[in-house]
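This document starts with one chain, in the form predicted alone, laid out as structure tokens.
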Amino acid sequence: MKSVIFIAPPAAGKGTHSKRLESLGYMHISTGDMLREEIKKDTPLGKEIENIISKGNLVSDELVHGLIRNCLTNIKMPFILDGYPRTLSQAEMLDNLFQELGITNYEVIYLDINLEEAMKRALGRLSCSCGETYNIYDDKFKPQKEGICDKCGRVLVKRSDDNEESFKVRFESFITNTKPIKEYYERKNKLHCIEAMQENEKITERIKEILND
């Protein structure tokens, strides 16, 4: 199967569909996870990253790109690239890296969702430290016991930035910043847009069609 770059607004379901692909043998590469793991290892690089983040600054393109390079250089399986690229310059840097490593068998999938639906998902979202996620506004994804994880029994928590005001800012910022990236991959005939407000099973089947084509 082809590798995939996932691009999606907040609450579009990128995490859900990444997990589904992981079960098919994909390696999930999350830039956020890589940064947190480097901090956890307490390496000199991790300390540098922690210092940058603690000051409210963004980690540089070069630093993130270096982590991506290290990961892709040693990978032999199809991968999901999650959270990168976020800017046009990052997309161009990634394209150069793909050329260097001979990576051509990939597609870019954009999960399309409107603000109203995304906000409904976000404001009802609860998560557990074990990785499970729930939504109090969707009967299919409600926990069996209010506020408690079905899988491990831990207390569920709500993200501090899942409120209406901050979510609107995050969503609209994402849409603005992502437009040049979508246009870039569209010119390369790599972009596939999927309506993210349909049933997850239908989305999964469409993703499989794209990656198996």
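For clarity, a rigid core is taken as the largest C-alpha set superposing within 1.5 Å between two forms. A residue's number is simply how far along the shown sequence it sits, counting from 1. Remember, predicted model here, so these are calculated numbers, not experimental data.
Keep in mind the form predicted together with a small molecule is missing from the figure; the text below concerns it.
Trainee: The small molecule isn't shown here, but in the predicted complex, which of 97 to 105, 129 to 137, 112 to 120, 79 to 87 has heavy atoms within 4.5 Å of it?
Mentor: The contacting stretch here is 79 to 87.
Trainee: My question is simply whether residue 178 lines the interface with the small molecule in the predicted complex - judged by any non-hydrogen atom within 4.5 Å.
Mentor: The answer is no: residue 178 has no heavy atom within 4.5 Å of the small molecule.
Trainee: Is it the case that residue 53, even though its partner is missing from this view, gets within 4.5 Å of the small molecule in the predicted complex, heavy atoms only?
Mentor: Looking in the predicted complex, residue contacts with the small molecule include residue 53, since a heavy atom lies within 4.5 Å.
Trainee: Counting only non-hydrogen atoms and a 4.5 angstroms cut-off, does residue 152 reach the small molecule in the predicted complex?
Mentor: No - in the predicted complex, heavy atoms of residue 152 and the small molecule never come within 4.5 Å of each other.
Trainee: Under a 4.5 Å heavy atom criterion, is residue 59 part of the interface with the small molecule in the predicted complex?
Mentor: Result yes; residue 59 sits at the interface with the small molecule in the predicted complex.
Trainee: Heavy atom within 4.5 Å of the small molecule in the predicted complex: which of 182, 28, 69, 170 fits that? Just give me the one.
Mentor: None of the others qualify; the residue that does is 170.
Trainee: Given a superposition on the rigid core, I'd like a yes or no on whether residue 178 shifts its C-alpha by 2 Å or more between the shown form and the other one.
Mentor: Stays below the 2 Å threshold, so no.
Trainee: Once you overlay the rigid core, does the Cα of residue 148 travel 2 Å or further between the shown form and the other one?
Mentor: No, shifts by less than 2 Å.
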